[in-house]
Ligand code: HSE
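First, one chain by itself: the form predicted alone, in structure tokens.
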């Protein structure tokens, strides 16, 4: 398998509570791998998709026109490839419909792997536009809050109005993320359709103030201000009911001293930002609260400086 290039792309926390479709955070410890090599054809093809158990995935498609990884890879290869084909293998490490950026991780890992096959690889930031093509297919819109942190790492501001440019924000000192994934699924595209189409000016201004305050707090490493601003007054109230354990998990995180707790993306995963010294205890408390509701789960603790996608072997 020496002719295969293997790329890894991490899971991510979308929205980060205050920044719907605008803020994303890379998550250390979980991610997808995509293997790529040149082939005798003229297009991008998918040889296999394997699930978290290492077995062939029961329903993720190997049709190159309906697979997030191959769509992203084809966008890049079609623009910069040498006319030959590319074969992919997708190894999932992020649960599907988990609120952890599963489709984004596949798209990012694919473009990073295929980029390594180019005679003149592109700088990493330039891969964002191609990865977004895969994510757009999966989520039904142009949203970079999972793709950008998965590609670049850390905390990223990526509103649609700036794309393909994004801003990597400074991570506050002494703060980590605890993420809990309940054994549930939420379809992102369907969750988006259920959101209200309009909001009061008062509510919109409140949320914008929280977002601005949170960004300022991260830049200044102002932990107290993070605790005051990490709140979602618009999206979370509409989505929380779809995650039965959310109330109990959030209460446990806050009781444990979390700075704030909200849904990761559209859920069902739930994240909390915490003082690093408290993060593992808070993650454990979140797990206990979830299991008390009769729902299995797993958790990760990640620095806010988690790295983005990378080549693992070539």
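Positions refer to the first chain, counted from 1. Here the structure is a predicted model, which means the values were calculated and not measured.
What follows is about the form predicted in complex with the ligand, which we do not show.
K.L.:
Using a 4.5 Å cut on heavy atoms, which of 188, 115, 176, 74 is close to the ligand in the predicted complex?
P.N.:
After the contact test, the surviving option is 188.
K.L.:
Please determine, with the chain shown alone, which of 250 to 258, 264 to 272, 30 to 38, 53 to 61 has non-hydrogen atoms within 4.5 Å of the ligand in the predicted complex.
P.N.:
Contact-bearing stretch, as computed: 264 to 272.
K.L.:
Give a yes/no on whether residue 192 approaches the ligand to within 4.5 Å in the predicted complex, heavy atoms considered.
P.N.:
Residue-level check for residue 192: yes, a contact with the ligand.
K.L.:
Could you tell me if residue 106 has a non-hydrogen atom within 4.5 Å of the ligand in the predicted complex?
P.N.:
Close contact is absent here: in the predicted complex, residue 106 is far from the ligand, nothing within 4.5 Å, heavy atoms only.
K.L.:
Is residue 300 part of the interface with the ligand in the predicted complex - any heavy atom within 4.5 Å?
P.N.:
Residue-level check for residue 300: no, no contact with the ligand.
K.L.:
Wondering, does residue 181 line up within 4.5 Å of the ligand in the predicted complex on heavy atoms?
P.N.:
Judged by the heavy-atom cut-off of 4.5 Å, residue 181 is well away from the ligand in the predicted complex.
K.L.:
In sequence order, which positions of 224 to 254 have a non-hydrogen atom within 4.5 Å of the ligand in the predicted complex?
P.N.:
Contacting residue: only 239.
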